[in-house]
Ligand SMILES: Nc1ncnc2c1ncn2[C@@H]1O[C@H](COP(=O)(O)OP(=O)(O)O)[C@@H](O)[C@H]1O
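What follows is one chain in structure tokens, specifically the form predicted alone.
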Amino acid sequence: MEKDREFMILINNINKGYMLGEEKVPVLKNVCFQVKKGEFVAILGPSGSGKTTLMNIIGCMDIADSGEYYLDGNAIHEMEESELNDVRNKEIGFIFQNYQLIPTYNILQNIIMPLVVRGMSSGEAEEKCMDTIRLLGLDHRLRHKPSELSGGQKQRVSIARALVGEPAILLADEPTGALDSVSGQEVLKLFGKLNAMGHTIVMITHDLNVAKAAGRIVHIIDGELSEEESREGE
């Protein structure tokens, strides 16, 4: 089943809870959330607010107990695990706080990995990725290992890896959390540049100053969302 494709993400009345002993504790409560194509949205909340659970559902790493989730018009809540795995691999570009790079691979191997997993040869993948690699200023670092890079450079590698598969959304989990303030600002500026190029970005953060880089901020507290006015044009 497909839904209106004006929204890249359309979530209706999502509920999620986890068992604690014999009792089910609610984590997300009737969450409704929409992201238009090309938006840059921050989900802002403290530890324990439910933002990680919501991120896992958006990223198809977990499923809701009830409610509807459409990604680029496709009914995620109706999919089997094999279909969800396909969505994770092709439609979502993950950017993690701790980069999750493979330490034994060089930078090029880390970046092209999603395409190789899809069956593309290393040569084809490298050719396809070079524009993204140059965009992120990594072309002179391709033979280096992750241990030879700064935190900001590692995060750019993570972003490049997320971009090369041409996903529907970029999903960033505390992307500046492991960085110093200067490197963090550079990453946020890069997100702004990518958003201006048309990429849809959802960023999870506990830091208001980081969230302000987005065009729209959505607050989550005790598993419930509240909107903040758009920041576009500021």
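Note that residue numbering follows the sequence shown and begins at 1. If you're wondering where the values come from, they're calculated on a predicted model, not measured in any experiment.
This protein has a second form, the form predicted together with this ligand, left out of what is shown; the following refers to that one.
In terms of contact with this ligand in the predicted complex, the residue from Q34, N195, Q185, T52 that brings a heavy atom within 4.5 Å is T52. The closest heavy atom approach of V27 to this ligand in the predicted complex falls within 4.5 Å. Look at 164-172, 187-195, 40-48, 64-72: in the predicted complex, residues with non-hydrogen atoms within 4.5 angstroms of this ligand sit in 40-48.
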